[in-house]
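What follows is one chain in structure tokens, specifically the form predicted on its own.
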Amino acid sequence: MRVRRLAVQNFRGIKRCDWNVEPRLVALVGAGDATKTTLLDALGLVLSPSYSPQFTDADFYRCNTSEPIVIEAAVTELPDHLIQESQFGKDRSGIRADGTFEHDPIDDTEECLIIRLTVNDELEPTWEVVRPGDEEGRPISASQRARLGFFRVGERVDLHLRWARTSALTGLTENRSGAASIILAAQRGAREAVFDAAPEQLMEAATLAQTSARRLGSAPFGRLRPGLEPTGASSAHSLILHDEDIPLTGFGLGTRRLTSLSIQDQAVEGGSIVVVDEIEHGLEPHRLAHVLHYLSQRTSSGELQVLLTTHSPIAVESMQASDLNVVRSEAGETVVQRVSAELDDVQGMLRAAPSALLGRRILIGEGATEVGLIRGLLRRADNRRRADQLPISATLGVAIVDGRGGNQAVRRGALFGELGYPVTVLIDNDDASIDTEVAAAEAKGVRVIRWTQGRALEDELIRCLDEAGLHSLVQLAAEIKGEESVRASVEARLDGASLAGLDPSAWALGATRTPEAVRDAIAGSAVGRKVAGGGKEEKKGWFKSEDAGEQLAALVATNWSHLSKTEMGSVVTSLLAFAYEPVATEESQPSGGSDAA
């Protein structure tokens, strides 16, 4: 069995969704509250073998019961017994590769059953098999739906570790010769053992209960005593799997979920539709990667279809790009977009920045310094917003990505833009060779923010700071690189002038250089540029790490009253406006005082 299309109307956070389900292994990713789990819940309800799932007004979109909940699932690769003429053989439809339907399973279509669940304002569910263009459908019972092979890992995990009425473990044994009688005999033996070894305290309690019941005229009991319920092999109180003497219910959640999954997988004949919400729950990274590899193999062989959700970067890294489906929801409209394997470099991008797919909007910094600067700016803005009871960047789903170089940053921005994410890229403006790539990314809706022509981040900051701010920057560089290293680097760019201390104003006087020349030398040292007239380009500037970038953010915040009127301030304001859109306010700008601490 395989789900090929899912349509949802008026169910919880979904006003409308029409999803053409293409692959066999489907990982739903995206920000929190994007209705990923709601999609799995909808699928579970329409294919549920339950007789009477419970609905409330809260299951309707915005609790509006005037419009019914309607969930339709098109299922292909149907079991033979469901498409017999006495079952639903005359109710089959056809579905094309693009998810469109035909009334009959004609050429170039795959036969399917379209199962519809409708819930009205009286909270009564109705399941039918419907066909395109027909006003009425044919009822499908719970037992018939059970043959579709749907199961969800996470619902009643421990049930499937028992020989219980509806457990998969019972399904594995009930048709084997003598299994039921063996279980029943074991239960009877257990009952006798409890009768023979009942502790005195339990016997006393049973006697007291009998005395009390007689006073109330309950029944003429002979002798109440403790014992196991005399249930058959199909009872929920029957036998449970043990590892030696330890019942499996005593193991960790991850172990129980995986064992339950394996049992349910084996119990369904003819293929299964498996749903797993937050597959990483209870699993260490190595077990998570292994189970994803196993499911990939099972789905590739055509034996299984798996639909799962995840918020784990490890899961994103472990899967193929084409397995991932990005879910977005806006004003009740849920859209599921499959990641195309044809996008250039998409697999490498996902391995490098898996957490970005789990956000709502993406900020890409050219390198470690820019990433640290952005992170530090957001943390300070978050402090102000938290005090003002405004949403912070984590709430808004802002993901920060290291672009690993200007052209790579732009390329990654374009890829995320093609996946539908709002993206802003912050890069230097000292490399004209990437101008064409920048224009192409902007044409796809990606916003690229660059410094003044010819400048990098450090250039812009150094030229925008006042004298006091520049002195603070040089002191910060000395804390990171050491005083001697900082002075030597600047001296080399001032034709070997001898400098003392860490005050740029004093350097200009002592070396008889203009303040502008000193700033140029400081900027060249901070960026790590080649010394004019010879020498090698430095591999590392002063602030080439995320930690150093965060310290620069603190410097920006401390000097914001001056920087806010400069190009540096304009760029920072644009970054914060994007991060907090559409709720950006003046209060989200960096400032001194407590936020700068």
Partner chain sequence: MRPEDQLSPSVRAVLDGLPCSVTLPAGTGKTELIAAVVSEVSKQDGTALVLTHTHAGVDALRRRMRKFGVAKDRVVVRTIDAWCFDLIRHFPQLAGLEVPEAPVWANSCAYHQAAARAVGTHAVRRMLSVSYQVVLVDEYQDCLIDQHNVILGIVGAVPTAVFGDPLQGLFDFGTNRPVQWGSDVLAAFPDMAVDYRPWRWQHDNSELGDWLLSIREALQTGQPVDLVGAPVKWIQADGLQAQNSVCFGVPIDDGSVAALGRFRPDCVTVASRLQGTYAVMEALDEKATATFCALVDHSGPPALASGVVQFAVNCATGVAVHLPAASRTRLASSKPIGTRKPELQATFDAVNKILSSPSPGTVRAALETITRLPGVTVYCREAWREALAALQHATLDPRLSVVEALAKVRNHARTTERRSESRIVTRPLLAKGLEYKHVVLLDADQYTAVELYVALTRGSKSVTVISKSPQITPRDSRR
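No experiment lies behind these values; they were computed from the predicted model shown. Positions refer to the first chain, counted from 1.
The same protein also exists as the form predicted in complex with the partner chain; that form is not shown, yet it is the one meant from here on.
Exercise: G445 in contact with the partner chain in the predicted bound form, heavy atom 4.5 Å: G445: no, not in contact with the partner chain in the predicted bound form.
Partner contact for Q84 in the predicted bound form: the partner chain, 4.5 angstroms, heavy atom: Taking the distances in the predicted bound form, the answer for Q84 is yes, it comes within 4.5 Å of the partner chain.
The partner chain contact at H103 in the predicted bound form, heavy atom, 4.5 Å: H103 belongs to the contact set for the partner chain.
Contact of R147 with the partner chain in the predicted bound form (heavy atom, 4.5 Å): No - in the predicted bound form, heavy atoms of R147 and the partner chain never come within 4.5 Å of each other.
Interface segment, criterion being heavy atoms within 4.5 Å of the partner chain in the predicted bound form, picked from 408 to 416, 384 to 392, 323 to 331, 88 to 96: Stretch with heavy atoms near the partner: 88 to 96.
All of R12, D33 and P68 within 4.5 Å of the partner chain in the predicted bound form, heavy atom check: No.
Position in contact with the partner chain when the complex is considered in the predicted bound form, options R131, R450, R513, H471, heavy atoms within 4.5 Å: By the 4.5 Å heavy-atom cutoff, the listed residue in contact is R131.
Sole residue of D80, E244, D108, E484 within 4.5 Å of the partner chain in the predicted bound form, by heavy atom: The residue in contact is D80.
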